[in-house]
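Given next, in structure tokens, is a single chain: the form predicted on its own.
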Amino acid sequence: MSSNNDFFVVRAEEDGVNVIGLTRGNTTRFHHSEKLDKGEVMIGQFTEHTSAVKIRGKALIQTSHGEMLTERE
């Protein structure tokens, strides 16, 4: 399966933001996790192994499709 190699940027707006990579295939699984503190930035890329990213915590996310903030209640 080919991928489009899109990049994404996550900037933590609070301590303890989790960025979790999810695999491609018949079964979606966690394959990588990073914890960011406030102000830290992670630049990631979708690949043939990474099909999705789950973000827990307050963060700014930038992609080629736009920019969004996660919400915390």
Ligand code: TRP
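A residue's number is simply how far along the shown sequence it sits, counting from 1. Note that the structure is a prediction, hence the values are computed from the model and not measured.
The following text describes the form predicted together with the ligand, which does not appear among the structures shown.
In the predicted bound form, the ligand lies farther than 4.5 Å from every heavy atom of K38.
Residue contact with the ligand in the predicted bound form: T28 places no heavy atom within 4.5 Å of it. By the criterion of a heavy atom within 4.5 Å, N18 is excluded from the residues contacting the ligand in the predicted bound form. Taking the partner from elsewhere, R56 is found to have every heavy atom lying beyond 4.5 Å of the ligand in the predicted bound form. Interface residues of 27-56, taken as those with a heavy atom within 4.5 Å of the ligand in the predicted bound form (partner not displayed): H31, H32, M42, Q45, T47, H49, T50, V53, in sequence order.
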